[in-house]
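Next up: just one chain, as structure tokens, the form predicted alone.
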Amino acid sequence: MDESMTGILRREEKITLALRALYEKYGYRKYRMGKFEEYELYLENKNFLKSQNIITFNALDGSVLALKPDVTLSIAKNTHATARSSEKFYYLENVYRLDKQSGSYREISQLGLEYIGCLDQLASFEVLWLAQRTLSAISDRHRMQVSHIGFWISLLDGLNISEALRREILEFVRGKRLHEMKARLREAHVAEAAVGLLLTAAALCGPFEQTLEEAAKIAINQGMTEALDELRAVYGLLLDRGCAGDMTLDFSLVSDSDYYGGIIFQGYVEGVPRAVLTGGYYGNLLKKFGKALDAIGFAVYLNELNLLFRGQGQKPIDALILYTQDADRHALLTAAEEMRKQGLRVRLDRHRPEEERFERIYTFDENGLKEAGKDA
């Protein structure tokens, strides 16, 4: 893009361009998909979605289609990756979801990145590194929370917790409702020693290395130890690259174990109350499509950036030229074009726009162009 054009972009647009360039630099290719997908894909994987309310309609051939509420599902379904040939994608797409607060559907702009293939610690590091760089591009004041769902799965397996109860436990952990969790475990006649382990695990949160040490004290099987070893290895690489200072380990961060099986993470920036970035390992989803592959990625919710930048205002337009009905149209256009050749952004209008700001205001009538003063 011409450098003279980047000056007129909103801040979130500049961030998006910078991030796309970053992902391209690391070998990720842009993934494009249509607005519609077969409804059956989402129906069979509703638990994977942020919202289970999906906009559907009947196609001319009688099939049921949906406005896409998610991109990762389509990528997982259509990937051509193999264990020997990974695929790296990034995407910039609009998804359609129900807003729980307003009760209406929203079009959400989503920027995301996916790695599919045979995953090792270096590939996991790269995705988390890019997630950290993504947060840095959005704001200097950011933080990332990291967890490992495999730690929880192995703990629940080791304690022989039933499938129904473990889902309740993870919901309690996710909501940090530890008193309710304790009462429910006792109601289910779970042994006190096991109750203590589960409550301790749910409260594990803080500086990465310190929390790793605390977690290691309650690791009761190899699966939990392997999860901690993976976290330790990836964290070490991030630490070496100087991008782990704002990272915390929080085992109250859990996701649906039917889809996620490894490292998971969320990113926050100051000024936005919700996570602007979420991601993790979702190899279990690939298995649902009959593909024995690993997958890890993240998504950035660009609509949240509107909330972040709303109070900062947009840069005012350089010049407003207010012209009269009898103004010489040719001379007016020539004068405006001369100003634009100087790199200025110029708006022509008959009346002063109420909700716009300008560096300078001019009038143009039968006597030509005159400066009328400053606005911004």
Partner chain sequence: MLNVALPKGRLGDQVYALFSKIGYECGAIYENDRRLVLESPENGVRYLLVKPSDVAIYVEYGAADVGVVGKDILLDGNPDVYELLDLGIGKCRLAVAGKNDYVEDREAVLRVATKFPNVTKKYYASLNREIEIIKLNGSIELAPILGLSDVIVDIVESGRTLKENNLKVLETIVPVSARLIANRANYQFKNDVITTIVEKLMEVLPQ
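Numbering follows the first chain given and starts at 1. These numbers were taken from a predicted model, which means no experiment stands behind them.
This next part talks about the form predicted together with its partner chain, which is not shown.
Listed stretches are 143-151, 221-229, 83-91, 285-293; the contact stretch with its partner chain in the predicted bound form is 143-151, by a heavy atom cutoff of 4.5 Å.
The shortest heavy atom separation between G242 and its partner chain in the predicted bound form exceeds 4.5 Å. Its partner chain is not drawn, but in the predicted bound form it has no heavy atom within 4.5 Å of R184. Contact annotation: E163 falls outside 4.5 Å of its partner chain in the predicted bound form, judged by heavy atom distances. Not displayed here, its partner chain is approached by Y268 to within 4.5 Å at the level of heavy atoms in the predicted bound form. E180 is the sole member of D258, E168, E180, E209 with a non-hydrogen atom lying within 4.5 angstroms of its partner chain in the predicted bound form.
Contact annotation: of the candidates S136, Q121, T248, T200, the single residue with a non-hydrogen atom within 4.5 angstroms of its partner chain in the predicted bound form is T248. With contact defined as any non-hydrogen atom lying within 4.5 angstroms of its partner chain in the predicted bound form, the contacting residues in 270-300 are E270, V272, P273, R274, given in sequence order.
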